[in-house]
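Only one chain comes next, encoded as structure tokens, the form predicted alone.
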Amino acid sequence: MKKTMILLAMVFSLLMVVSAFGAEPKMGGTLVFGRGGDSVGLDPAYETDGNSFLVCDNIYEALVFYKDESTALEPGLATSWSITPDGKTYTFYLRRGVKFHDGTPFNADAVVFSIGRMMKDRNLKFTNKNWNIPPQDRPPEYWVSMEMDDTISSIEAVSDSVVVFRLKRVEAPFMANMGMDFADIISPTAFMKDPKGFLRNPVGTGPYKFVNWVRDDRIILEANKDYWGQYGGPYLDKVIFRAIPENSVRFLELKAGNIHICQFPNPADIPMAERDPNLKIPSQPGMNIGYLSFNHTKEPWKSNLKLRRAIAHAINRKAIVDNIYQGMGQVAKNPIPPTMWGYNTAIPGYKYDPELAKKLLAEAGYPEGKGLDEVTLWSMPVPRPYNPEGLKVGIAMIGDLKKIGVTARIVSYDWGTYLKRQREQPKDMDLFQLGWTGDNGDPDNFLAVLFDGLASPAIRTQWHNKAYHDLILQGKTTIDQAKRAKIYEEALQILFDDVAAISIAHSTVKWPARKNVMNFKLHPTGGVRMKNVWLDK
């Protein structure tokens, strides 16, 4: 009787999986994903860009997962967890029997190693092997910008399957943070073989494992046949991530059948995709923001508020959204999307008003732009979820600035160089385009990581405001969500009043795909999950 019940349970679970897909998944095949640029690296602790993370999403896993099409949490490499009443001790109970792609076991020591290697002062305890983690080769940007050294006191492997994190302070978004890419668990053995080369030879526990990387061309992954997942994929034999920088070329490759999914098409290509019987269009409201910011380490941007306001009122954001986003975006008022709790509905946004901009420019000491050196406006060379065409947006912006007497020119680099140089706040940078896709559904993930320059030199805007910094810290250490929402609304008002950055747009994400691509779902975090995707041949 017991065996019969177990068999029935297994059949029911399989039927549930089949029902979820709408048809029984087919095994095999190679899916080619066309994207706008190459990855910078594949070590999740040290990368910050979406092109790196979308590959990492399939190689690595974290202790907790975000559910499909949501930022709600579910068990991942940890089957469960407990939190002490004071909110400062988190105990994770790990999944047993999981192996890394190199055949070594996933265990508590691997968790301590993976997270602990990012700590400045490594207060770590292993159970079996006391790994001698090498010094950091470069700062782990997410870790630093999220003030994790001020949050985590110690990490201890209590046994092979139990890990305890002790915090220095209450951290309201801690569990949400533990599902992010930077918290992915890596193979300590693989890392220690070549710490500097690990970013090009990644080893995780995920549904796909790394095969090959041809720089600026493709990254090839193959199915992890020993994947621990109880039901479901991976179904594909291989996934190839091709870098095709030109949006129009990438879309033509999709129509020709040379790729299966087209990331970031030109908005003008969407109607054509809708008319093509061989294509379909997965869509997701963007949990994102595209913005223009100032070099807050450089005068006159650092201290001249009226100059920053003049620039804000000179940019015709609606025209940019209408003409470049073309129905796939909305003008932003806050640097968090309107669907996120904590959004400040009272903020009007910077209205387009060239006459007001000219008046403010004169009051700032630069009548008709006189006395202001040529402005360098750094524009992204690759399409991103929050900005379909950075260079076109940049050209529109310098045209707007010219109307008020400000002379500006576009500066751009390849994506890796752009990110590296921008982080260094060079003196030859005045304004820069960047953006963000939320990692975990928490406002802290936007407001702290993007704008709180007092928290860390890794914050890319390097805007310093003590009142804002204090509110962000208060938001982190407050558990009640309604109270946190009020804190973030106040912080958003300060950010708006001081013109820390100019929020441009929130985009709607639409990635056309071939009709035979089954169960591909866009995720609010911008993640690309191939585990349950299959090809209907």
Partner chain sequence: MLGFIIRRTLVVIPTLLGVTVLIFLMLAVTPGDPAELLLGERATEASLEAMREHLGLNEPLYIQYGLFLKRLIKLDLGETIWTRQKVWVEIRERFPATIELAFVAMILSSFFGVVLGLISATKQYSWFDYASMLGSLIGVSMPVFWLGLVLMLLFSLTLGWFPMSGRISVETDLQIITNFYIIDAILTRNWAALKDALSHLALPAIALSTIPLAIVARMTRSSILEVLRQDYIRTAKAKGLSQFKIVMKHALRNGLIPVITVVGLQFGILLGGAILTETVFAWPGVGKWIYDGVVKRDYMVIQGGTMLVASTFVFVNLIVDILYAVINPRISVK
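Residue numbers count along the first chain shown, from 1. These numbers were taken from a predicted model, which means no experiment stands behind them. Each form is matched to the other, and the largest set of C-alpha atoms that superpose within 1.5 Å is called the rigid core.
Although not depicted, the form predicted in complex with the partner chain is the subject of the following passage.
- When contacts are judged by a 4.5 Å heavy atom cut-off, Ala346 does not count as touching the partner chain in the model of the complex.
- Within this chain, Asp439 lines the site of the partner chain in the model of the complex, having a heavy atom no more than 4.5 Å away.
- In the model of the complex, none of the heavy atoms of Tyr366 sits within 4.5 Å of a heavy atom of the partner chain.
- Contact annotation for Trp131: none of its heavy atoms lies within 4.5 Å of the partner chain in the model of the complex.
- Stretch 207-215 is the contacting one of 86-94, 121-129, 207-215, 156-164, since its residues have non-hydrogen atoms within 4.5 Å of the partner chain in the model of the complex.
- Proximity of Ser145, Leu199 and Pro245 to the partner chain in the model of the complex is complete: all three residues have a non-hydrogen atom within 4.5 angstroms.
- Put simply, of Glu253, Asp400, Asp181, Asp269 only one has a heavy atom within 4.5 Å of the partner chain in the model of the complex, and it is Glu253.
- Proximity to the partner chain in the model of the complex, defined as a heavy atom within 4.5 Å, holds among Leu360, Met340, Val406, Ile240 only for Ile240.
- Taking a 4.5 Å heavy atom cutoff to the partner chain in the model of the complex, the contacting residues in 45-84 are Tyr46, Glu47, Thr48.
- Relative to the superposed rigid core, the position of the CA of Ala448 differs between the shown form and the other one by 2 Å or more.
- After superposition on the rigid core, the Cα atom of Ser412 is displaced by 2 Å or more between the shown form and the other one.
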